[in-house]
Structure formats: structure tokens, C-alpha cells
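Shown below, as C-alpha cells, is a lone chain in the form predicted alone; questions about how it binds or moves come after it.
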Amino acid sequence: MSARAKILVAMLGLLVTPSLLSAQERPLAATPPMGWNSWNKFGCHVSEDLIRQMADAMVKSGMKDAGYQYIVIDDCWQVERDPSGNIVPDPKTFPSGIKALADYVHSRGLKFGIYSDAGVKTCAKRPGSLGHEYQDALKYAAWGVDYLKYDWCNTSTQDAQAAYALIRDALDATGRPIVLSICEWGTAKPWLWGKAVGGNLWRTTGDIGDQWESKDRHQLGMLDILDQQVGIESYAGPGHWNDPDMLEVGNGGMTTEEYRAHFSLWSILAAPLIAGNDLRDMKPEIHDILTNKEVIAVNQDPLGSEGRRVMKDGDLEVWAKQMQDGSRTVVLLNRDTTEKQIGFSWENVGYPDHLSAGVRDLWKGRDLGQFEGKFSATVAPHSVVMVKVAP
């Protein structure tokens, strides 16, 4: 958009939305990042062969066409530093080196991500980046890294805001656009400062577990993490997102209905959609969840509004998200173990009650008709109904 056009738009009092901006003007991660990360399924068992296979599977499965971009290696790719202080990939598991692997991922039309830590060691006790921030950033840029997940283990008395500002400055100094994923677990409330230090997404909680809700409070379930998103919605937007952690969809600890709920809620939250399953061997129902284009479109809506909980009655909840076209996406969540009727009024989602609006079921891909003032649906146990409401 030219300077003259910008002035004209401002004079007319119009909102310049992200979709109107040129590629150069749009921020990094203008919509929530979509991709795959190795940790949830494979932990430390990573290798260049695995990453190449995941890149191939992302393309072959149709996930790339559905919008997934990033292939991210999590912890355990690095083993030491050489005499000059350069970070060294494990020669046994990454014999071709990281640049060759990044080149391969790029050749598949995807982007490449890597992991490090703000402390002296990573969570898996590999070398961290403390004291080597600019050196590591230069190495990542030379390798062709597009995304850095930066963890918070073994940080002692470090200040989180300063540590993440430092790595952002180091990444920027390379001249390569690199998405910064702040993985500080929400301890220092990064939603308050993450945007200011140049973070593109920041973890809001501890690690997710592959379970509907915590059974022993030692590991967070999906619903435990969901509850912690209430009240921080206003901090998210284009280029800077609240991150409730990666997806567990397809890893085996939840039912298909629970995974559908998980994906629906992360989508309405405008959360990064970072798959964590084995893309080479997906059941059809898991593939259909991860590639539902109407649900993904909710997550990727360019307005960048994060959905919020607008109604709660015990185990029954309603979550709503404003869309750029003026419509609303609504998730009816049944946390109970029996089937329930859940409803909401237009006023719950910011419409006048007299309005007539069309309702579409996004999982069934079917228009349900015109409704006035309210809508309700029967929701299976541990499940959701996800609809779009359009006047």
C-alpha cells in the first residue's frame, strides 16, 4: 500500500486490516503459526531421517495444502559446542548437518524450525544458548532457520523479559526473518511483555499432557490448559499470540471426540496449531480433524481476534470468536460425561436478539438454517458443536 493510499484510508476512517497490507508490511506470524513439532510424540528420539519423513508426510497427507508450514525439531538435536563455541548437531542422528536438513524441508515448500534454551542447558541437558545468543542466531540464519522455539530450563536467576529481548535482538541482527516462540511456561506472565520484546508467540502454561483433564495434577490436561486462557484474550493479535502449547491430536491418550474438541478450542483461541503426532501414520479420523479447512479458517482469520468464554454453567460452556467478516464462530463445549443440550443467545456473542442469522455446523459442513435470537444443540459427552453464526 502506497503512502498516499494509507493517508486516504486514514482520512476515510477505515480500519487497515491485515489482509490489506502488503507482504512486506505484514508482521511475522500475521496469523497463528501452523506446523509440526517433534516433542509430544518423539521426545529426544529425533534424527534427520525422521524430520525428512515428517516433511514428506506433511506434503503427502494434504496438511501443507491445509495451511501447515513449519517443521520444527525440538530438544536433543545438539550435543556440544566446538572450540570456537559454535553449537554442534549430534553427528550420529544428524550426520548431514542442519543446513542440509533445512534445505530439504525448504525444497518441500515448507519452513524449518529449531529449538534452544535461554539457560546454560536445555531441558534435556543439552547445551543452551546463554552467553552464545548472537553466535547461535548467526548459525541459525546461516542454516536457513525460519522459527526458533526458545525454552526456559536451567535459567537460575535470569530475568525472562531481558533474556527473550536479547535473543530477539540477536535474531534480528542476522537480517533473516525468524519467528520467535517464547517457551517460558507462563511463569512470568509473558502475555504482558511478549509483544514488546518481539515475541511472536508465548506459552501461557506448563506442558500439555495427552489427556482430557489432569488425573493427578502432576500433568496438565487439555481442559486444565483451556481454563488458564480465560482473561488473557486481549493480549493476542496479528504477529503476537497466546500459546496454550502444542496439539496432542492423534497421540492416543484421548478419544476422537475429545481430540475434535481440542482442535476446535485451539482454533477458536487463535492458538498456534502445532501438530505433535506421527504424520506418517494417521487414522482417517485424525487426518480429518487436523485438515478441516473450515475450522482452520477460524484459527487463521486475519482479524486475529482470540475467542473467549462467554458463558459457563457447570460443565457446559460457550466460547465465541469475532471474525473479520462480522460473523461469529461459536463452540459449545460439554465437559460432562453425559449428553447435554447447550444454547446461547445472540446477545452472548454481541448481536441484537431481533437479528436473523444463518448457522452453519463447521464439523458437519452443513448449513442448519436461519435462526432468530438464539441457538442450541445437543452435544455429546466430552465433545463440542462448532458453528458459524452469520447475519
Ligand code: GLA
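Values in this document were obtained by computation on a predicted structure and should not be read as measured data. A residue's number is simply how far along the shown sequence it sits, counting from 1.
The same protein also exists as the form predicted in complex with the named molecule; that form is not shown, yet it is the one meant from here on.
Proximity to the named molecule in the predicted bound form, defined as a heavy atom within 4.5 Å, singles out one entry of 203, 262, 321, 168, which is 203. Checked against the named molecule in the predicted bound form, the candidates 363, 351, 344, 39 yield a single residue with a heavy atom inside 4.5 Å, and that residue is 39. Within 4.5 Å of the named molecule in the predicted bound form, a heavy atom is found for all three of 75, 115 and 207. Contact check for residue 146: no non-hydrogen atom falls within 4.5 Å of the named molecule in the predicted bound form. Remark: residue 183 counts among the residues lining the named molecule in the predicted bound form, judged by a heavy atom distance of 4.5 Å or less. Using a 4.5 Å cutoff between non-hydrogen atoms, residue 268 does not count as a contact of the named molecule in the predicted bound form. The named molecule in the predicted bound form comes within 4.5 Å of no heavy atom belonging to residue 136. You can rule out all but one of 120-128, 170-178, 82-90, 268-276: in the predicted bound form, only 120-128 has residues with a heavy atom within 4.5 Å of the named molecule.
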